[in-house]
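Two separate entries follow, structure 1 and structure 2, each one form of the same protein chain as structure tokens.
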Structure 1
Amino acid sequence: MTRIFVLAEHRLQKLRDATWEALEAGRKLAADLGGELNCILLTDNAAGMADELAKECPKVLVVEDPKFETFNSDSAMKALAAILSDKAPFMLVMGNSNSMMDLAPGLAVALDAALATDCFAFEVKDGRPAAFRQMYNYKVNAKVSFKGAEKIVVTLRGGAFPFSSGGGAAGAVEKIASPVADEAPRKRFLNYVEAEKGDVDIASADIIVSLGRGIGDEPDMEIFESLADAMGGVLACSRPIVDKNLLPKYHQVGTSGVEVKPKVYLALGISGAFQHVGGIKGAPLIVAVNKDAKAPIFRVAQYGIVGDLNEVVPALEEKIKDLKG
């Protein structure tokens, strides 16, 4: 009877998508493991959010404490360790958001639990769960087991567990006194800092020429600019290109960059990690040039050229100019 706990995540008094995805995964795990499903909400003000969760979950445990107005992994870790210390066997499920990445590893240690991060699927056999996740630059799938642990923490790949409403009877909301009421957090939120805006807005571009690490350490950016010009598109990029200061951050496509929804996306020397591909919305025509025939980008692209972009890019610009006449 493994109990399932789902940790809710919210920002600015609104539950985040990751919460619902975690609830979806939790519901399935509860059914497979035969345990009850609980949701934990740490917040300064549960109004609205607790009821919203109760519509989809049989039991919602609520801790109200001003410390939880914004996400604080230091206080959350201590509160959750206290709440869950006597609940084994259990599985705690949460998103693998940038905030939860602060929390999950330390919490696993505090609980002496086994942790698997960024899981995209689960399997239950003989009452024991196993998780599926990716390794090696997200190129290989791995199945991991928890060695029979009675306490398990898992974080979930964003988008891997699309939520659909359960439509059952409303669950119970139970308030718990804050286990960290008297503790000063060692970590304090100061303020949000918005993304820098630039002279181009790749979010509204129809044609995107996107550059990845495959363009090399000292690329001739002009050949890409002139290709983008010839296509009437804009330049975008993957994260390493911003890290190397080859393009400003507002050109970065992906989960930690900008979401784009072009008609055509030309990926040059991009491997296709999910944090990159996750930023491409609206099912555009994706075309990739990569020298690695097994690069994951070819799984999401409709057309591909396996080859060296340094040869393909100038040739492509020529051909496009020819076609335009």
Structure 2
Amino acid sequence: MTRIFVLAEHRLQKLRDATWEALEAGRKLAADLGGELNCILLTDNAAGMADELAKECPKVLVVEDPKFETFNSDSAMKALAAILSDKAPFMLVMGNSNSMMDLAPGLAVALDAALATDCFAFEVKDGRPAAFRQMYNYKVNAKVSFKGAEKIVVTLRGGAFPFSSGGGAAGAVEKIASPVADEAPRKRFLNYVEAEKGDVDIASADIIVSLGRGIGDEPDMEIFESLADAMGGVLACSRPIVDKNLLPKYHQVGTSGVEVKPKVYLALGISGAFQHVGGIKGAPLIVAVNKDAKAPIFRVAQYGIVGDLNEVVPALEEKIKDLKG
């Protein structure tokens, strides 16, 4: 029986969204594999977080140690290697954040485990799991088998496993003595650097018009600003637009920018790389316009238009103004 372990990710005593998505994936894997679902919480203070996790997971394993006040991949790797070394067969599931990607490869080596990163789906056949991830600039979906591995580590693409509360009885919380020795780690935490704040808070916007590389090198920004005004929304963008200094950094949507949850997200000329899509996972309605019919953004959009932005954007604005009277 394969056990499923979910690694909780937290910051400043608050569980991150990736934790809940990992729990959702772990819940499905446990059901398909007929295995136990456990969550591992490494922290300096489990108060609150452990109880939150127990509401959604049958068993929460807690290691409290001052070393886990902030994330340190060295300390986390030593603790997880000690906890999981004798638990095979198992799958360890975690998010695909920068912190988890700092941890996952080294941990897989320490455990002599198979590793698959940035997974967006799983399949279980004949009692064996397989993972799906994308290759070649997200043009190809690859099915990854683990060749009978008894230990598997996977990271999950942000937004691929939307969380829904299980609503069951509270699970058990088990505290484990810290297996990390007192020696100083090779890395040390310095401080958090807060994102730049500007005149527009895209994180709280209900309607977002977002611009990507497809708008061109010297676009007429006024037509996009006019469309956003007509829609009652704000402008946002993907990273190439910030790199070209067309919009400030605080307008950037994505895992390295701002995570947004608008009611409507209009993506103009955005290819749909996972770093960007990970930032719009909370949007219930995504509309994409791109001249490339094979752009990955169309896989997550509810509506799509394949066409020239210079023709589509003015037509959209005119239609919106007509509907508003």
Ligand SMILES: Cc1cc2nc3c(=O)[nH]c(=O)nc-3n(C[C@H](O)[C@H](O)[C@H](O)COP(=O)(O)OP(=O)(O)OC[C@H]3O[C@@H](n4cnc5c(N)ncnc54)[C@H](O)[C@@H]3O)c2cc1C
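Here, rigid core means the biggest group of C-alpha atoms that superpose within 1.5 Å across both forms. Residue positions are counted from 1 along structure 1's sequence. All values derive from a computational prediction rather than experimental measurement.
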query: Which of the two shown is the form predicted on its own; finding: 2
query: Threshold 2 Å Cα movement between structure 1 and structure 2 for residue 252, core superposed; finding: yes
query: C-alpha of residue 39 off by 2 Å or more between structure 1 and structure 2 on rigid core; finding: no
query: CA of residue 224, rigid core aligned, shift of 2 Å or more between structure 1 and structure 2; finding: yes
query: Shift in Å of the C-alpha at residue 301 between structure 1 and structure 2 after core superposition; finding: 7.9
